[in-house]
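In what follows, one protein chain appears twice in different forms, each by itself as structure tokens: structure 1 and structure 2.
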Structure 1
């Protein structure tokens, strides 16, 4: 690679889990959506000879060197990606700028990691398939989150609404991620409220695992109920039946509260959205903080009412997004 080579850039979207979080770790399905308008961006440029790999998170005002002996998760991912591409470690400056809240349930870590892999591949003139990117990013997710479901890296790398399910592979010796695109007959209008409370994904995920180990019968039953409503939600999306979808989201929230992964801040925003006219509202992601989502009608009056209610209820940030319709081919 020449020092005159121009920088290479790539980006990746945020994500929301529409329904199915936590239960998805235990073999039940989940539906996840990419948020095309909220993205992480990574730029790769040549560094000074002998400088090694430098990572700069510009929005966090942080910079660090990649230590090959004991790299951090992103540094390890950079080295693993270069190895995957057949390129020895070289002198690179990797600049990260993300608009996605950290530890907010919107896949910040997976989006940054996906953008990093894409940018490194672009820097050597290569385009990696989404499946390979997803597999590389999953190893990084494991470093961050302990036992991630694999849903974040999958929906972000593929950038499409997906049905995600862990299934037993051949011989029942390992799990295989089963991924299918999801049909959305009518666009979804979602309002996202950020509690401002940051909670690392691995903490509530680990807590649910402990509770499941202590009382598997109760938690398997909860996971089964979640799986059933996710299947109903898929049917509602395919038919454009938002009237049925809202109550399913509300029921998913009740089950998540039973699992112990909601919080007073999330509950307050969820209730405020429902009182303002949302047909359904729930936390999205691991919980104990982060974000919630509300399903709004297409009319601007309801949407604006939900936005105002979330702000009054303490949301530090409110995002509005539309998930476009998609047809299976």
Structure 2
């Protein structure tokens, strides 16, 4: 198929972990949500003959050529996608433009990667199934993060709320991801506050591992409590019962604090959101930095009060998002 086409573009959403982070690494469930309104965009255009593949991150003011011999993770993903599509590498300019905070727990890397795969497929007039996109992106995520649980690429490629659980497979030490769609009876209004503190996922993940190794009985019990509240959260979402959901999120924050993955900045934003009327608030993602989320009631006054309180409490960015209702089919 010829690649001489007009530019093609595609996008992918940010994600949030609603509840269950960290315990998910130890086999308990987590719920993740796509944020349809906060997206990474990728445009693919024909390059000059002989120019190879150029990647351009417009909002980072960076441009680089994909080195076929030792490509960077995104370049490698572009080559793997072309290979997957059955197309030889040609002259392409791939432009990335993302509104998702980097290293903030919102899945920016997986969203850029997903948009890139979608845009390359669109460039040859092809739509890849979500499962294939997710698998390509997971390989790229491994280059960035080592051993990601797979929750980011899954929720972003499928672009719907998911229940995610790692289960021991039949082979020794092998885990199998169990993924189910999550029903949301009533739209959820979330306000997201970014601490502006960038923290690598592997650091708090390592801290929890050390604590678990030192005191497995206590930590297994903590993870069980998280698992139990995640199950209750799924029920509450399915019933549209936001009154029950808020306290569950608060309980999740308390358990994450006990695990040692909150931070003074996160705790300040969480408290400010609750004081302003959020029925629940917690950190989201690995912790020690990144973002927190607050559950706001439907009324504009509370929502605006939470936004203002988060800004006053030091959030560098505040995003408002609505998670639409979704039924199981």
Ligand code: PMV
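Residue numbers count along the first chain shown, from 1. Throughout, rigid core stands for the largest set of C-alpha atoms superposing within 1.5 Å between the two forms. Since the model is a prediction, treat every value here as computed from it, not as a measurement.
Structure 2 derives from the form predicted in complex with this ligand, whereas structure 1 comes from the other one.
The Cα position of residue 209 differs by 2 Å or more between the two structures after fitting on the rigid core. Residue displacement note: residue 100 has its CA displaced by under 2 Å between the two structures (rigid core superposed). After superposition on the rigid core, displacement of the C-alpha of residue 121 between the two structures stays below 2 Å.
Taking the core as reference, the C-alpha deviation of residue 218 between the two structures is 3.4 Å.
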